[in-house]
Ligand code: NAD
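Let's start with one chain on its own, the form predicted on its own, as structure tokens.
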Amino acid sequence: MNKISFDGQTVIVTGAGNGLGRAYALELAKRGANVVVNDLGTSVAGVGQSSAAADKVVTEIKALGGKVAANYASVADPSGADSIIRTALDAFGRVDAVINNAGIIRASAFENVPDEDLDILLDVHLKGTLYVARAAYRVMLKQGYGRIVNTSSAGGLFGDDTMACYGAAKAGILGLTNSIALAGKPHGILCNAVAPQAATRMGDNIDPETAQKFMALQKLFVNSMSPEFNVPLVVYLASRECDSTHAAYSICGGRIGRVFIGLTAGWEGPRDIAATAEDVREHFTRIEDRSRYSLPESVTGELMERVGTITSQLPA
């Protein structure tokens, strides 16, 4: 089996000073990549700033004989995001892949969500992912090649009752990923999202009850909730060998699976006048029926699916 190699390629990993980002960066370096280690050095709640986390990973990569450059900018600042890409270009001359991993976490009951939590979580996760991806995309367009891996979350894809702001930001990343994928595919730029679950320092900032439940499951999961179990998928998606795009993947307890949004066959209402709420009530079971579904690839894809259905019903 041929080993996936990153020789001559430059990969940016944001939030690479700890946890998942560190694990990604080390594995990529082992596979020959030039790695840009970005980390602002904040707490898991987004407080403070330090170069220590990034510098430690840089030292580890150099000890492996790898090529590496550090960047300490905030992804939540457009100029900071631009500087991350400049670091890659100045050090290595190109950007082959970006792993948007930087993130923070804050949890609270929905009725108590502070306004500032919404602002900072959207800034770091959603805006930060957009800013870094946008800056890298511009370089990738000129190259005619690129891989972008964004980090969503089960908290955004499936929800969590104590992380409304975090979930909103992470769900937004899925929509962003889909749009980048559609724009980039004709230019050789592929974009996917991952929803990793791992025991990292991020768990220090979740509510105690959830943390207790999580710890109780550790024996069952053995080692599979460690950051390293999330690395293989992310490395593959960032590689030249990957041809998937416009997709989201879950990693949980040793299982890797694709997450998708499907559309049920639904109920065909009238097209000349709008249905009533009573009509919807009468046909709601059919609307909910998931035995048949489709996977529209875009807004236009859904419209064209309806055009095909309607056309097929017209008299010959």
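Just count from 1 along the sequence shown to find any residue number. Being a predicted model, the structure only gives us computed values, none of them experimental.
Another form exists, predicted in complex with this ligand; not displayed. Remarks below refer to it.
Contact between R147 and this ligand in the model of the complex is not found at the 4.5 Å heavy atom cutoff.
Although the partner is absent here, C191 is not a contact residue: none of its heavy atoms lies within 4.5 angstroms of this ligand in the model of the complex. Within this chain, A198 lines the site of this ligand in the model of the complex, having a heavy atom no more than 4.5 Å away.
At a distance threshold of 4.5 angstroms between non-hydrogen atoms, I104 is in contact with this ligand in the model of the complex. For the three residues V37, V58 and G66, a heavy atom within 4.5 Å of this ligand turns up in the model of the complex in no case. Contact with this ligand in the model of the complex, defined as any heavy atom within 4.5 Å, is confined among 175-183, 73-81, 108-116, 139-147 to 73-81.
Residues of 138-159 lying near this ligand in the model of the complex, listed in sequence order, are T151, S152, S153, the criterion being any heavy atom within 4.5 Å.
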